[in-house]
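First, one chain by itself in structure tokens, the form predicted on its own.
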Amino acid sequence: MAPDGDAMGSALAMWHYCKDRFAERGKVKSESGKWSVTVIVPNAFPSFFDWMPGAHEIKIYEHEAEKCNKLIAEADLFFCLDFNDPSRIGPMGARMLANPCPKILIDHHPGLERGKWKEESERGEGLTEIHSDPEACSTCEIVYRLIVESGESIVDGQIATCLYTGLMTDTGNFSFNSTRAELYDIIASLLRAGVKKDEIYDAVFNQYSADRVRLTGYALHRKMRIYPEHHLALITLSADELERFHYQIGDTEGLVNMPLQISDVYYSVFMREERAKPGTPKSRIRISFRSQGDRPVNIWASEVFHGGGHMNASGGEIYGTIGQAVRLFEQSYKKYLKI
């Protein structure tokens, strides 16, 4: 899926940190002999992250595969940020594993013990170092801790801005998974470093297109189904419907959370169709899961839809039609929902 605010924030924060601190010390080297650091993401990120410091330097694998493959093959060190399974980053995951150089994982998603790193590790291609904390609200929180524990202080406003963006977006502007007092100590530190939180909020949440607002209204009015006996809501959008509203990457971001504003709705699922690409026989259905309180959705996402994630926020996918995805959803939800 498109990199979210936490993936963008953690990757760009590490890019600034390494570029400013490590490059001059000779840690990462380019073919020209100069020290360099590069962020590569598997696919395009939403346009409302274009403003982030360093975003214009990011390489997008699906757009520049040949150039990215060369960078990956020649790398001396990888930071794996905001994913805990190489399959989550598509074809570039296999390319990364083929390079035996050190790999450092920094992530907050649960399920690392069930991931695919073990086999690669046995071949000497796995992780060199792991910084994984499913209790953290975001990968940006872990990056912050690592920087501080290294003896540095967050004095760089660019790093602080990137970290704050990840913290804000992965907690729904601090509306969930954000009850620990330590989190607000981090926020206070970032504000002291010069973060302009209101400007960040405006850049992420108040720059929608008219088509996006109309798509949201259509989805809620015409495409939302309520299953009252199970406190469950489902929204589906086909590729044709998305095209009707001139869909851009990120236009459905946050849509899955909206049904949770309804009284007595504790679970929400959103399905989005990606039209089959040339050479691919079936469309891909991207599925997002959300829940409230002690009602897990990650097991459902993992066992039925080949995904996973956090207890209250998970994702999955299947190849086929929206109708097939809905049938699978309706056949399985009673087993996994806690009433």
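Quick note: we count residues from 1 along the sequence shown, nothing fancier. Everything quoted here is computed from the prediction, not taken from an experiment.
The form predicted together with a small molecule is left out here; the points below concern that form.
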{"property": "In the model of the complex, His131 touching the small molecule (heavy atom, 4.5 Å)", "result": "no"}
{"property": "Touches the small molecule in the model of the complex: Lys67 (any heavy atom, 4.5 Å)", "result": "no"}
{"property": "The small molecule contact at Ser288 in the model of the complex, heavy atom, 4.5 Å", "result": "yes"}
{"property": "In the model of the complex, Lys282 touching the small molecule (heavy atom, 4.5 Å)", "result": "no"}
{"property": "Heavy atom within 4.5 Å of the small molecule in the model of the complex - residue from Pro46, Pro42, Gly309, Pro53", "result": "Gly309"}
{"property": "Single option in Arg95, Arg145, Arg88, His231 placed near the small molecule in the model of the complex, where near means a heavy atom within 4.5 Å", "result": "Arg88"}
